[in-house]
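Read the single chain below, which is given as C-alpha coordinates and is the form predicted alone.
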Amino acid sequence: MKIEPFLTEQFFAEYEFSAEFLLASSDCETISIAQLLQMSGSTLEELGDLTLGYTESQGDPQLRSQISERYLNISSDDVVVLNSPVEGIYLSMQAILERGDEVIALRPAYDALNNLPRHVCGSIVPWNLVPRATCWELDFEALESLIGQQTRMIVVNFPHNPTGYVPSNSEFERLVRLSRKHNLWLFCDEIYRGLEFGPTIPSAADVYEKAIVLNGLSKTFGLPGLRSGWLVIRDKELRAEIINWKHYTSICAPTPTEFLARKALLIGDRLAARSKAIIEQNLKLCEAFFDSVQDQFIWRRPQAGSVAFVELDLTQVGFDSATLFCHHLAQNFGIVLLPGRCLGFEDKFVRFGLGRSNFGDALHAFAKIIKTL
(Lines give C-alpha, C1' and ligand atoms only; values in the text may rest on other atoms or scores of the structure.)
Protein backbone atom coordinates (compact mmCIF):
# COMPACT_ATOMS: atom_id res chain seq x y z
CA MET A 1 0.00 0.00 0.00
CA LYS A 2 1.49 3.31 -1.12
CA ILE A 3 2.02 6.27 1.20
CA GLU A 4 1.79 9.96 0.37
CA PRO A 5 4.90 11.85 -0.73
CA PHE A 6 6.94 13.23 2.16
CA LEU A 7 6.86 16.80 0.86
CA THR A 8 9.12 18.37 3.47
CA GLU A 9 11.94 15.88 2.98
CA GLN A 10 11.54 15.95 -0.79
CA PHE A 11 11.82 19.73 -0.80
CA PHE A 12 14.94 19.67 1.39
CA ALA A 13 16.46 16.87 -0.68
CA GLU A 14 16.22 19.14 -3.71
CA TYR A 15 17.97 22.14 -2.15
CA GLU A 16 19.38 21.53 1.35
CA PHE A 17 22.84 20.35 0.38
CA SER A 18 23.39 22.68 -2.56
CA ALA A 19 21.93 26.02 -1.49
CA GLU A 20 24.15 28.60 0.17
CA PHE A 21 21.62 29.93 2.67
CA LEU A 22 19.35 27.65 4.72
CA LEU A 23 16.64 29.80 6.28
CA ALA A 24 14.21 26.96 7.04
CA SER A 25 16.25 24.45 9.06
CA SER A 26 14.34 23.12 12.07
CA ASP A 27 17.37 21.87 14.00
CA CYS A 28 19.80 23.91 16.09
CA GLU A 29 23.51 24.53 15.54
CA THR A 30 25.42 21.28 15.97
CA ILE A 31 28.84 20.35 17.36
CA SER A 32 31.50 17.78 16.46
CA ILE A 33 31.95 14.40 18.10
CA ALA A 34 35.23 15.67 19.54
CA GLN A 35 33.46 18.67 21.08
CA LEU A 36 30.70 16.48 22.52
CA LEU A 37 33.22 14.15 24.12
CA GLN A 38 35.29 17.01 25.47
CA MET A 39 32.27 18.79 26.95
CA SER A 40 31.06 15.58 28.62
CA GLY A 41 34.47 14.64 30.02
CA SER A 42 34.96 11.70 27.66
CA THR A 43 37.60 10.74 25.10
CA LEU A 44 37.82 9.51 21.54
CA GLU A 45 39.58 6.46 22.95
CA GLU A 46 36.40 5.48 24.81
CA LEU A 47 34.44 5.72 21.58
CA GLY A 48 37.09 3.73 19.73
CA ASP A 49 37.04 0.95 22.33
CA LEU A 50 33.36 0.16 21.72
CA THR A 51 32.53 -3.23 20.24
CA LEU A 52 29.93 -3.29 17.50
CA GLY A 53 27.62 -6.05 18.66
CA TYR A 54 23.85 -6.01 19.02
CA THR A 55 22.26 -3.85 21.71
CA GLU A 56 19.03 -4.29 23.67
CA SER A 57 15.90 -3.73 21.57
CA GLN A 58 14.26 -1.49 24.17
CA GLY A 59 17.48 0.48 24.53
CA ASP A 60 20.55 0.61 26.71
CA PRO A 61 19.42 0.51 30.39
CA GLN A 62 21.75 3.35 31.39
CA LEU A 63 20.50 5.53 28.55
CA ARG A 64 16.86 4.76 29.41
CA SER A 65 17.57 5.67 33.02
CA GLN A 66 19.07 9.02 31.96
CA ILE A 67 16.03 9.72 29.77
CA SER A 68 13.57 8.85 32.54
CA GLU A 69 15.25 11.38 34.82
CA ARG A 70 14.04 14.13 32.49
CA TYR A 71 10.45 13.36 33.53
CA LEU A 72 8.61 13.46 36.87
CA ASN A 73 6.58 10.25 36.91
CA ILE A 74 8.49 8.00 34.50
CA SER A 75 10.72 4.99 35.10
CA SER A 76 13.35 3.59 32.77
CA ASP A 77 10.96 0.74 31.95
CA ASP A 78 8.62 3.27 30.31
CA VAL A 79 11.25 4.33 27.76
CA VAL A 80 11.86 2.81 24.31
CA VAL A 81 15.02 4.00 22.53
CA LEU A 82 14.66 4.62 18.77
CA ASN A 83 16.98 4.63 15.79
CA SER A 84 15.50 7.97 14.82
CA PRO A 85 12.67 10.10 16.17
CA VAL A 86 10.52 9.54 13.08
CA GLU A 87 10.71 5.79 13.71
CA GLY A 88 8.70 6.43 16.86
CA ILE A 89 5.82 7.87 14.86
CA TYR A 90 5.77 4.86 12.55
CA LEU A 91 5.94 2.30 15.37
CA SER A 92 3.23 4.01 17.41
CA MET A 93 0.76 4.26 14.56
CA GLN A 94 1.31 0.64 13.53
CA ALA A 95 0.91 -0.59 17.10
CA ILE A 96 -2.26 1.36 17.94
CA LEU A 97 -4.32 1.98 14.83
CA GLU A 98 -6.49 -0.25 12.69
CA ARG A 99 -8.32 0.36 9.42
CA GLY A 100 -11.46 2.34 10.13
CA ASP A 101 -10.09 4.25 13.12
CA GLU A 102 -9.99 8.04 13.00
CA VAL A 103 -7.14 10.26 14.14
CA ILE A 104 -7.44 13.95 14.91
CA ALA A 105 -4.16 15.64 14.01
CA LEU A 106 -3.06 19.18 14.73
CA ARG A 107 -2.08 21.23 11.66
CA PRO A 108 0.22 22.55 10.37
CA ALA A 109 2.65 19.80 11.29
CA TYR A 110 5.61 17.74 10.17
CA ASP A 111 4.37 15.45 7.39
CA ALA A 112 4.85 12.17 9.26
CA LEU A 113 2.48 13.21 12.06
CA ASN A 114 -0.36 13.31 9.53
CA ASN A 115 0.67 10.95 6.75
CA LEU A 116 1.64 7.93 8.83
CA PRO A 117 -1.64 7.65 10.78
CA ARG A 118 -3.60 8.24 7.57
CA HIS A 119 -1.61 5.47 5.89
CA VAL A 120 -2.46 3.00 8.66
CA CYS A 121 -6.09 3.81 9.47
CA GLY A 122 -7.22 5.63 6.35
CA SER A 123 -8.71 8.70 8.03
CA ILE A 124 -7.18 11.89 9.38
CA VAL A 125 -9.35 14.70 10.72
CA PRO A 126 -7.40 17.99 10.72
CA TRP A 127 -7.52 20.25 13.78
CA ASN A 128 -6.10 23.55 12.56
CA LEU A 129 -4.27 26.10 14.63
CA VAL A 130 -5.95 29.48 14.14
CA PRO A 131 -3.85 32.47 13.02
CA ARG A 132 -4.81 35.66 14.84
CA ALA A 133 -3.39 39.12 14.22
CA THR A 134 -0.18 38.61 16.21
CA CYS A 135 -0.33 35.02 17.52
CA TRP A 136 -1.70 31.50 17.09
CA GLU A 137 -4.59 29.91 19.00
CA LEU A 138 -6.11 26.49 19.63
CA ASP A 139 -9.83 26.10 18.91
CA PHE A 140 -11.13 23.67 21.54
CA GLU A 141 -14.74 24.00 20.42
CA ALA A 142 -13.63 22.76 17.01
CA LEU A 143 -11.73 19.88 18.63
CA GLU A 144 -14.74 18.75 20.65
CA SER A 145 -16.90 18.77 17.53
CA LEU A 146 -14.37 16.59 15.69
CA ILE A 147 -14.34 13.75 18.24
CA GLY A 148 -16.58 10.89 17.09
CA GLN A 149 -17.27 7.23 17.67
CA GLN A 150 -14.32 6.14 15.53
CA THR A 151 -11.80 8.55 17.02
CA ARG A 152 -8.88 6.61 18.50
CA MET A 153 -6.12 9.18 18.88
CA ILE A 154 -5.24 12.88 18.99
CA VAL A 155 -1.85 13.87 17.57
CA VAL A 156 -0.18 17.10 18.71
CA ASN A 157 3.31 18.55 18.98
CA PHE A 158 4.30 21.07 21.65
CA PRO A 159 6.31 23.27 21.44
CA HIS A 160 4.77 23.40 18.02
CA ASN A 161 6.53 22.97 14.70
CA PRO A 162 6.23 25.19 12.69
CA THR A 163 4.50 28.01 14.60
CA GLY A 164 6.40 27.91 17.90
CA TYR A 165 3.07 27.83 19.75
CA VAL A 166 2.83 26.57 23.35
CA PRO A 167 -0.57 26.11 25.00
CA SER A 168 -1.19 27.50 28.46
CA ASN A 169 -1.30 25.07 31.36
CA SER A 170 -5.09 25.36 31.46
CA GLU A 171 -5.34 24.64 27.72
CA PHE A 172 -3.07 21.63 28.04
CA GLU A 173 -5.11 20.34 30.99
CA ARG A 174 -8.24 20.72 28.86
CA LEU A 175 -6.65 18.66 26.11
CA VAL A 176 -5.76 15.91 28.58
CA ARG A 177 -9.26 15.98 30.12
CA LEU A 178 -10.86 15.61 26.68
CA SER A 179 -8.53 12.73 25.82
CA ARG A 180 -9.30 10.98 29.11
CA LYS A 181 -13.05 11.60 28.82
CA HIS A 182 -13.18 9.90 25.42
CA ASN A 183 -10.53 7.27 26.28
CA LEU A 184 -8.25 8.45 23.47
CA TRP A 185 -4.55 7.93 22.98
CA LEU A 186 -2.67 11.25 23.00
CA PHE A 187 0.43 11.19 20.82
CA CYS A 188 2.55 14.21 21.76
CA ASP A 189 5.70 15.06 19.83
CA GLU A 190 7.83 17.00 22.34
CA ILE A 191 11.07 17.17 20.38
CA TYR A 192 11.37 20.96 20.88
CA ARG A 193 10.87 20.68 24.63
CA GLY A 194 13.44 22.75 26.50
CA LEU A 195 13.36 25.62 24.00
CA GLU A 196 10.57 27.60 25.66
CA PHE A 197 11.07 31.36 26.07
CA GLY A 198 8.34 31.68 28.72
CA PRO A 199 6.12 29.42 30.85
CA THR A 200 6.35 25.69 30.19
CA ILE A 201 3.77 22.92 30.29
CA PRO A 202 4.35 19.45 31.75
CA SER A 203 5.23 16.53 29.55
CA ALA A 204 2.13 14.63 28.48
CA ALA A 205 3.82 11.47 29.79
CA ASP A 206 3.76 12.86 33.33
CA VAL A 207 0.07 13.77 33.40
CA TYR A 208 -1.79 11.25 31.23
CA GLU A 209 -1.68 7.48 31.41
CA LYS A 210 -2.56 7.06 27.70
CA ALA A 211 0.05 9.49 26.39
CA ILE A 212 2.72 8.44 23.94
CA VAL A 213 5.52 11.00 24.05
CA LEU A 214 8.18 11.38 21.35
CA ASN A 215 11.48 13.15 21.92
CA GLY A 216 15.09 13.01 20.82
CA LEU A 217 18.39 14.82 20.44
CA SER A 218 17.90 16.40 17.01
CA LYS A 219 16.38 19.80 17.78
CA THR A 220 16.87 21.18 21.30
CA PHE A 221 20.27 19.52 21.68
CA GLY A 222 21.47 20.22 18.14
CA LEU A 223 22.53 16.63 17.34
CA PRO A 224 20.39 15.53 14.35
CA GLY A 225 23.23 13.45 12.90
CA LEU A 226 23.03 11.06 15.85
CA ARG A 227 19.48 10.08 14.81
CA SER A 228 18.78 9.37 18.49
CA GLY A 229 15.23 9.47 19.83
CA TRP A 230 12.89 7.83 22.30
CA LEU A 231 9.29 7.11 23.14
CA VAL A 232 7.83 7.33 26.64
CA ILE A 233 4.88 4.94 27.13
CA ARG A 234 3.38 4.16 30.52
CA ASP A 235 0.98 1.53 29.17
CA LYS A 236 2.84 -1.80 29.47
CA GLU A 237 0.85 -3.67 26.79
CA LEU A 238 1.26 -0.92 24.23
CA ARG A 239 4.96 -0.66 25.01
CA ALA A 240 5.39 -4.39 24.35
CA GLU A 241 3.50 -4.08 21.06
CA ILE A 242 5.69 -1.17 19.96
CA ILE A 243 8.85 -3.11 20.79
CA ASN A 244 7.48 -6.00 18.73
CA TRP A 245 7.05 -3.64 15.76
CA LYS A 246 10.59 -2.39 16.39
CA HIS A 247 11.80 -5.96 15.84
CA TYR A 248 10.49 -5.64 12.28
CA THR A 249 12.17 -2.28 11.63
CA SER A 250 15.51 -1.43 13.26
CA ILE A 251 15.63 -4.14 16.00
CA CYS A 252 18.05 -2.11 18.12
CA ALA A 253 19.99 1.13 18.21
CA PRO A 254 23.66 1.34 17.08
CA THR A 255 26.22 1.04 19.86
CA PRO A 256 28.03 4.33 18.96
CA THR A 257 24.74 6.24 18.88
CA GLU A 258 23.71 5.05 22.33
CA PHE A 259 27.17 5.83 23.71
CA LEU A 260 27.12 9.37 22.31
CA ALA A 261 23.50 9.87 23.38
CA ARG A 262 24.47 9.05 26.97
CA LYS A 263 27.25 11.62 26.78
CA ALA A 264 24.90 14.22 25.29
CA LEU A 265 22.37 13.80 28.08
CA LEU A 266 25.10 14.35 30.66
CA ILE A 267 25.42 17.89 29.29
CA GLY A 268 21.85 18.26 28.02
CA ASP A 269 21.17 21.48 29.91
CA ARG A 270 24.32 23.09 28.48
CA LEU A 271 23.42 22.05 24.94
CA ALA A 272 19.86 23.36 25.33
CA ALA A 273 21.09 26.67 26.78
CA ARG A 274 23.47 27.03 23.84
CA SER A 275 20.62 26.48 21.39
CA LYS A 276 18.34 28.94 23.16
CA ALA A 277 21.00 31.64 23.13
CA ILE A 278 21.38 31.30 19.35
CA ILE A 279 17.61 31.34 18.81
CA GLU A 280 17.07 34.37 21.02
CA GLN A 281 19.73 36.31 19.13
CA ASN A 282 18.13 35.34 15.82
CA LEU A 283 14.69 36.34 17.09
CA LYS A 284 16.02 39.86 17.63
CA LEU A 285 17.14 39.93 14.00
CA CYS A 286 13.70 38.69 12.93
CA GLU A 287 11.87 41.34 14.94
CA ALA A 288 13.85 44.10 13.26
CA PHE A 289 13.53 42.58 9.79
CA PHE A 290 9.80 41.86 9.86
CA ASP A 291 9.10 45.27 11.36
CA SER A 292 10.61 46.73 8.18
CA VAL A 293 8.56 44.59 5.75
CA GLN A 294 5.09 44.63 7.31
CA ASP A 295 3.46 45.13 3.91
CA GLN A 296 4.84 41.80 2.66
CA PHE A 297 4.83 39.52 5.72
CA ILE A 298 2.76 38.88 8.83
CA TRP A 299 5.06 37.97 11.75
CA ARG A 300 3.67 35.97 14.67
CA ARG A 301 6.48 35.62 17.20
CA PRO A 302 7.04 32.00 18.31
CA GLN A 303 6.72 31.22 22.02
CA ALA A 304 9.25 28.38 21.85
CA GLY A 305 11.28 26.19 19.56
CA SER A 306 13.63 26.90 16.70
CA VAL A 307 11.10 27.67 13.95
CA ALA A 308 8.55 30.34 13.01
CA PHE A 309 5.66 30.24 10.55
CA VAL A 310 5.40 33.48 8.59
CA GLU A 311 2.51 34.53 6.39
CA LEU A 312 3.16 36.11 2.98
CA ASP A 313 1.13 38.77 1.28
CA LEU A 314 1.34 37.05 -2.09
CA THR A 315 0.22 40.11 -4.03
CA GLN A 316 3.09 42.11 -2.55
CA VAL A 317 5.81 39.50 -3.16
CA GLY A 318 4.50 38.84 -6.66
CA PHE A 319 3.85 35.08 -6.59
CA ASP A 320 0.69 32.97 -6.73
CA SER A 321 1.80 30.67 -3.91
CA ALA A 322 4.42 30.24 -1.23
CA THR A 323 5.59 27.11 -3.02
CA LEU A 324 6.45 29.03 -6.19
CA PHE A 325 8.09 31.74 -4.10
CA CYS A 326 10.28 29.20 -2.28
CA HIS A 327 11.36 27.42 -5.48
CA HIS A 328 12.23 30.78 -7.00
CA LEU A 329 14.37 31.72 -4.01
CA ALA A 330 16.21 28.41 -3.97
CA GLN A 331 16.79 28.12 -7.71
CA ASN A 332 17.81 31.72 -8.36
CA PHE A 333 19.37 32.93 -5.13
CA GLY A 334 20.36 29.83 -3.16
CA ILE A 335 18.01 30.72 -0.27
CA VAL A 336 15.88 27.93 1.22
CA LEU A 337 12.54 28.57 2.92
CA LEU A 338 9.96 25.80 3.41
CA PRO A 339 6.48 26.39 1.95
CA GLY A 340 3.53 25.82 4.25
CA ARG A 341 1.97 23.38 1.78
CA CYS A 342 4.63 20.85 2.78
CA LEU A 343 3.30 21.04 6.35
CA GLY A 344 -0.34 20.53 5.37
CA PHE A 345 -1.39 24.16 5.56
CA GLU A 346 -2.35 27.07 3.34
CA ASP A 347 0.13 27.82 0.58
CA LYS A 348 0.72 31.37 1.74
CA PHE A 349 2.98 30.54 4.71
CA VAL A 350 6.71 29.80 4.91
CA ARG A 351 8.76 28.28 7.71
CA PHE A 352 11.84 30.05 9.01
CA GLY A 353 14.45 28.16 11.02
CA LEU A 354 16.04 30.13 13.85
CA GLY A 355 18.54 27.70 15.33
CA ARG A 356 21.62 28.11 13.14
CA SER A 357 24.51 30.43 13.98
CA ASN A 358 24.72 31.71 10.37
CA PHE A 359 21.06 32.79 10.38
CA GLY A 360 22.06 36.47 10.28
CA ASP A 361 23.96 36.05 7.03
CA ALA A 362 21.09 34.12 5.47
CA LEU A 363 18.53 36.70 6.59
CA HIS A 364 20.71 39.51 5.22
CA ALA A 365 20.83 37.78 1.82
CA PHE A 366 17.06 37.28 1.95
CA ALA A 367 16.47 40.94 2.86
CA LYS A 368 18.38 42.09 -0.22
CA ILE A 369 16.20 39.91 -2.45
CA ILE A 370 12.98 41.16 -0.82
CA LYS A 371 13.92 44.74 -1.63
CA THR A 372 13.92 43.88 -5.34
CA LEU A 373 10.49 42.22 -5.41
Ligand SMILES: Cc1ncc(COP(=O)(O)O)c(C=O)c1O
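Since the model is a prediction, treat every value here as computed from it, not as a measurement. Residue numbers run from 1 along the displayed sequence.
Same protein, other form: the form predicted in complex with the named molecule, not shown, and the subject of what follows.
- Contact annotation for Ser179: none of its heavy atoms lies within 4.5 Å of the named molecule in the predicted bound form.
- Contact check for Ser84: a heavy atom falls within 4.5 Å of the named molecule in the predicted bound form.
- By the criterion of a heavy atom within 4.5 Å, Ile89 is counted among the residues contacting the named molecule in the predicted bound form.
- Residue contact check for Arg193: none of its heavy atoms lie within 4.5 Å of the named molecule in the predicted bound form.
- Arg227 is the sole member of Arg262, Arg227, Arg234, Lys276 with a non-hydrogen atom lying within 4.5 angstroms of the named molecule in the predicted bound form.
- Taking a 4.5 Å heavy atom cutoff to the named molecule in the predicted bound form, the contact residue among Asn114, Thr220, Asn161, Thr257 is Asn161.
- In plain terms, the part of the chain that comes close to the named molecule in the predicted bound form, with a heavy atom within 4.5 Å, is 106-114 out of 276-284, 167-175, 93-101, 106-114.
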